[in-house]
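Two forms, one chain: they're shown below as structure tokens, one block per form, named structure 1 and structure 2.
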Structure 1
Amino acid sequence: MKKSIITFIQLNILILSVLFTLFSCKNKPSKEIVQSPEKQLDFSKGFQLLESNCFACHSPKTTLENRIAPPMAAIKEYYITEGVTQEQFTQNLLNFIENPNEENSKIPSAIERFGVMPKMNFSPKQVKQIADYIYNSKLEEPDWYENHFHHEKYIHLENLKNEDISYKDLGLKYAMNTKSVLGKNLIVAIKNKGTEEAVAFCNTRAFNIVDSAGVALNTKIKRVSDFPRNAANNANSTELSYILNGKKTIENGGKMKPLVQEINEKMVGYYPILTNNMCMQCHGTPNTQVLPATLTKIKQLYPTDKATGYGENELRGIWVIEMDKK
């Protein structure tokens, strides 16, 4: 009997030891990768760029029938296959963003369904920041948007809070944020009602969207051109000078750069708006790229229209962002 009791006690000690070992291994903190403050800031900027420019179209929340672009998790799945390094992924993403076309895409089914996305004015450094965030974040989790996203937003806003951001970068952020919202609405209008109704959308709602974005961001935002569709978007002499200089730069094979200058105690930023394939439906060659029905709608809504005859990657106009001095 005594021997049985000892055996029973020994058995329990053995079980407890195994459980303790398993519990300790399971809860042993994983080795964390310590990132430099500069690396953490780049990571946060990648998240911010995605939030401001990409999630409007690549949102995981949009229903399948209302989707206008694949969710970001799908992009990650197709671009980051087994064996693809972060450097390779970054280069592939850079190739597509700099020249969005079917050849540079890794998701031909998305091109077939949604068409080619508009060209975005990201710098190579910004694409690297975006790629860094996508590559190292768990976007594929089903509950990522509802739970993880809001947690991430808080963390990265904290990291960016004390950053001394330049007026040029701040203005660019405002311009791209507005472009993202405006572009999403325009794509939805084209998809659901056709190009003619997209022209009507621009006539009635584009101004309101841009104005609302300016109010939300506590700044003044407008789009202007040397050949406007709407006379209200006509460039003034200062804006016209920037546009003409930019066209010369592009004609000579250069890349147009943003400009910020102080005017009437405000910091005013100018950012180029370049045409892409989607623009040709309303701004391309009349009666070929711009179909007759669309052209009729344009003439009906914009009797003084000057905004046709463009080719791809031409300067259509500029964003003008007026900011308070810090």
Structure 2
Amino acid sequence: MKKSIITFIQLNILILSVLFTLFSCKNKPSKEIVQSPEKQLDFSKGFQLLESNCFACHSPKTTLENRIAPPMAAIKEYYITEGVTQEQFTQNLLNFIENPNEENSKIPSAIERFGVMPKMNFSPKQVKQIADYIYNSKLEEPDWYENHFHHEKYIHLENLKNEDISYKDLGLKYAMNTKSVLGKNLIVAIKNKGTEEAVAFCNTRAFNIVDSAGVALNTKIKRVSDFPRNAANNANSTELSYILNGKKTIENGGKMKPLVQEINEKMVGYYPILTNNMCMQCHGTPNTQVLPATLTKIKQLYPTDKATGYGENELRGIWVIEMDKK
């Protein structure tokens, strides 16, 4: 009895708020919630995190038969049932992401169908931003994805008018876009074919993805390292000095900063590439983290490989972005 009264009150609040929204927004074409700039930024961050780390598997777009995980809107329905607050949802999401297993699962049928989600490393702050976005956006609407992009673009264009984007930010944007495409493809390859076969994927596809990203953006993009797996990715002397300085900074507890230099009439940007937990299966300690079967595959494709033995949060290499002068 008590329960039905509460539901009745909630229903009324819902109807009132819907009516309120309908009438109060008459003159405002924008559907987005008005938020303080700081919240707005967190909200954007949440979308970016989802876009680059989750949608490779939880894509809002893949067809039923190509799915390798449930779409995020479906997960939201299981997690945010009536009365679940944002705090509770955030805590539940944190629990599962920190420890993806049957015990923390709310959707056992998804584990049965797709296998348990691989463990990834995110800070609680990042998970909070992701949770904020999932909780407050309209994932269940068929066109939210397109709408969101329109909105994001609008924000960015607005910013652009005010201050001309610097070479440093432009290069960063190119590097991050390429990283996102590369990362998505890598994660999907690991999930579908296993680590060993994903090595072959990196061998044949990584270069093409990086290269075609550059062509599409009218820039030259490469990844280089002081200890390269592929000898073609060996850092030259300028790149090497940026890498060595960066390593010193990190050793002394500092944060490595991007650098832009003018070389031969071009603006060249350098950006650090740090390792995370996911990289260890191919760049970590041989035999324990990089399993023997993976090692064999690596040695076969890269006889001169120098890129194992890394720990987490170490400098694996750098992005080098060569831009035309404006």
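One-based numbering along structure 1's sequence throughout. Owing to the predicted nature of the structure, the values given are computational and were not obtained by experimental measurement. What we label the rigid core is the largest C-alpha set whose atoms superpose within 1.5 Å from one form to the other.
- Annotation: structure 1 represents the form predicted on its own, while structure 2 represents the other form.
- The two forms, fitted on the rigid core, differ between structures 1 and 2 by 2 Å or more at the CA of D132.
- Superposition on the rigid core between structures 1 and 2 places the CA atom of M117 2 Å or more away from its counterpart.
- Comparing the forms between structures 1 and 2 on their rigid core, the Cα displacement of L274 stays under 2 Å.
- With both forms fitted on their core, the C-alpha atom of Q88 sits 13.6 Å from where it sits in the other form; this compares the forms between structures 1 and 2.
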